[in-house]
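Let's start with one chain on its own, the form predicted on its own, as structure tokens.
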Amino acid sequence: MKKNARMIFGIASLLLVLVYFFPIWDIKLKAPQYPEGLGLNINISSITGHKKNDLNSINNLNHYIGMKKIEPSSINELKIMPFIIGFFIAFGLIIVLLNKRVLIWVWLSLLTIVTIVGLYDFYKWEYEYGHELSPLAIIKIPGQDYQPPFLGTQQLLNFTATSLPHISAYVLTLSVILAILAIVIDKKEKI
């Protein structure tokens, strides 16, 4: 690889460090009784409320409709994601040192697979929480599920739920774009 391509790919790899500091996904809930809204940030290793008590408030509301309690410590994906991102950072830097363009394709392919699996897993997680309701729920509406939208906005009873990528999702996207740019620049410089 040429110098410019190596530098851009090195930046693409190091950019992933930001994923440790910013949320990947954001879920917001608004309702008349919560005009300021409730929200969840899904981070690489945790799920936190937008405000201090949001996660607790959401769990209390979910109890009434029979949803499982959201317990970040019981979500295995949150335990392994920091290591997966760490792998991509380290592997990317090794590729820069080895100076092998073909390995960028391997890096991109693996990151694409992990992203697709991660998005599917997130959808499945939302589906299970919204559909596998306790028969002992205080509020039961036949045929009603409470799955927040995977992407976008949806009405759930009197709540408007919005689910969107957050800063780290855009960081991952930028990292992929820079890796592709490194390949393109390297090919052009060789011509």
Partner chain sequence: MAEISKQISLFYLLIKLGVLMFKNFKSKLTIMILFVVSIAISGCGKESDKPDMTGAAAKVYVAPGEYDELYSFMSGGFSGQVSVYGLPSGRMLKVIPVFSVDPEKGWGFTEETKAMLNTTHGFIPWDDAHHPELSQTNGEADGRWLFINGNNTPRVARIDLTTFRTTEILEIPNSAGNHSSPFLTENTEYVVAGTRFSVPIPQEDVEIDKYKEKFKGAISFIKANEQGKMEIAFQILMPGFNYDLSRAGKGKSHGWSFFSCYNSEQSNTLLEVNASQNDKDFIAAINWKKAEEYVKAGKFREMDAEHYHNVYNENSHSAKSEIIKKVKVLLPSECPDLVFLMPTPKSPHGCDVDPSGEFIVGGGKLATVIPVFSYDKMLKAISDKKFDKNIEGIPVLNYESIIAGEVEKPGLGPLHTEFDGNGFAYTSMFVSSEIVKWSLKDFKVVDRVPTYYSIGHLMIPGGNTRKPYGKYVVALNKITKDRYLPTGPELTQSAQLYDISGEKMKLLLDFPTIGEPHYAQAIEASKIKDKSKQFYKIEENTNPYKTATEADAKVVREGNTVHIYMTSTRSHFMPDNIEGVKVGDEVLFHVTNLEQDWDVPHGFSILGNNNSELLIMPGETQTLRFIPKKPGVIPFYCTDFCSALHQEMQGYLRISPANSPVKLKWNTPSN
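Positions refer to the first chain, counted from 1. Predicted model, so just to flag it, every value in this text is computed and none were measured.
One more form of this protein exists, namely the form predicted in complex with the partner chain; it is left out here, but the text below deals with it.
What is the one choice in 31, 47, 156, 61 with a heavy atom within 4.5 Å of the partner chain in the predicted bound form? After the contact test, the surviving option is 61.
Proximity to the partner chain in the predicted bound form, single hit among 52, 124, 140, 131 (heavy atom within 4.5 Å): By the 4.5 Å heavy-atom cutoff, the listed residue in contact is 52.
Quick check on residue 147: any heavy atom within 4.5 Å of the partner chain in the predicted bound form? Heavy-atom contact with the partner chain at 4.5 Å: absent for residue 147.
Can residue 41 be called a contact residue for the partner chain in the predicted bound form at 4.5 Å between heavy atoms? So residue 41 does not count as contacting the partner chain.
Can you tell me if residue 57 lies within 4.5 angstroms of the partner chain in the predicted bound form, counting non-hydrogen atoms only? Yes, residue 57 sits close enough to the partner chain in the predicted bound form that at least one of its heavy atoms falls within 4.5 Å.
Quick one: which of 161-169, 23-31, 147-155, 62-70 gets within 4.5 Å of the partner chain in the predicted bound form, going by heavy atoms? Among the listed stretches, the partner-contacting one is 62-70.
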